[in-house]
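In structure tokens, one chain follows: the form predicted on its own.
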Amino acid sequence: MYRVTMRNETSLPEFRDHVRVLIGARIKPAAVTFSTTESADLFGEAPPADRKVPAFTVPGAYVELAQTVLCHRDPARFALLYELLWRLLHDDRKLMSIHSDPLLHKLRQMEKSVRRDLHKMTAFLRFRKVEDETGERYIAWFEPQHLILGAAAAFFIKRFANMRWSILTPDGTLNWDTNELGYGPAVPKAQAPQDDAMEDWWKSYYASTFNPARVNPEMMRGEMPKRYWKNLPEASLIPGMIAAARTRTGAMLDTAPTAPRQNKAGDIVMREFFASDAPQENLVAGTLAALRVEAGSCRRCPLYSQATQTVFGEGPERAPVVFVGEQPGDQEDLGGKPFIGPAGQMFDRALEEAGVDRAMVYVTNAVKHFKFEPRGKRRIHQKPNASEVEHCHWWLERELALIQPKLVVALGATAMKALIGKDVRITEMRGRLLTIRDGLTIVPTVHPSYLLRLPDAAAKAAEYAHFVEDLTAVARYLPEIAKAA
């Protein structure tokens, strides 16, 4: 039996060096044990290091998988990754595409768990301001499920580049001074600040955005598991808000509805959902904020007359990926934000499973107003026609020109028509990278509402899995596109 000790257990270069020696010595997976410096195995001998290591290549998908799985806490991850590598080199080079293989499935589940933990860290980590001898510093405490501290560093550096901050965890610390990142030892939670002056403001904001009519405790626990509550300032408000939700909803239902105001022409006066507190003349021209306000009074086609408001895109100014859907639905029309209805919730879930952070992407629609047919008290979605898509194309083009994304994902045929100017069959083009004018790269896939319409449960599950695969591929395309650019 041979022994391999990982001194940096999340290091892909170190793992690569070890397995190259093992492959060169033709040591099968069953004949080697892996350990870390904390659990070093006293038995077994080191693999022979004097043999010439043969050159070999592995699929890029394996490298990406290994990079993420090495951050998992399961001690068996090294052996599982080496077994997969051995089979790729000796049995089946196409193994990475056989998702039903038990070994690959287990590693994919580990990868998914790590990506979910990374997502939760970016969502639920809260900085608190402290003062030291050098001025302001922001400190946060987080208890990750896996060894993700190093993997999360790039996100926080990019998001808070101009802040001096430290992230404390039971595994170690990250320290950023606006120029250089440093790693430190693990610290107890007692060393983290417990509150700051801004906490009451944050709680007030959180309470004001809570909608009692949409409260769903089971879904809330699924998206925000209780293990994170103890480190979230707003968590102390949740039990009371849930308890009062039924009473508040009853009061809302008992309140008489108000009719929309009418202008002289009989059209509904649209709410300016996106109006900022600052005067409109203070908006900087040539920004998404200015374009959003401008789109709020759009009259380019008749759809504005029945819709509640313009539903503009949402996301970072320089998002690397832009997702384009068809048009807002009923809930988006009422809420003023894209992808917040049933299809949007499925979209969010698929993004998370694919390891794509929605906060880092821009989402919008080919058409900015809700087109519907009234049926009793319901408003039934109607597909926008070619003229409506063409009239709204002007807004989409200006969004893309400002954001300058590396990749645009077309969700459905209407989005593709808006982007390339002609009708296509998504089933024939799905997943293909297409480069159009000005070097813009597009990849088409289905719209999540298509999945909701499938009547067969098995077909829906299969199509959903395919959709997640499409979104996972999007995350993998980005490094290649950025390199080519």
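Since the structure is predicted, the reported quantities are computational estimates derived from the model, not experimental observations. In this text, residue numbers run from 1 along the sequence as written.
FYI, the form predicted in complex with a small molecule isn't displayed, but the following is about it.
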Practice task
Could you tell me if all three of 409, 444 and 472 have a heavy atom no more than 4.5 Å from the small molecule in the predicted complex?
Solution key: no
- Message: Taking the small molecule as it sits in the predicted complex, is residue 313 near enough to touch it, meaning that at least one heavy atom pair lies within 4.5 angstroms?
- Response: no
Exercise. Even though the small molecule is not shown here, does residue 339 get within 4.5 Å of it in the predicted complex, heavy atoms only?
Worked result: yes
message = I'd like to know if residue 118 sits close to the small molecule in the predicted complex, meaning any non-hydrogen atom pair within 4.5 angstroms.
response = no
**Study point:** Interface membership of residue 332, the small molecule in the predicted complex, 4.5 Å heavy atom rule
**Key:** yes
In contact with the small molecule in the predicted complex (heavy atoms, 4.5 Å), from 318-326, 400-408, 296-304, 107-115, is stretch 318-326
In the predicted complex, the residue from 152, 84, 343, 147 with a non-hydrogen atom within 4.5 Å of the small molecule is 343
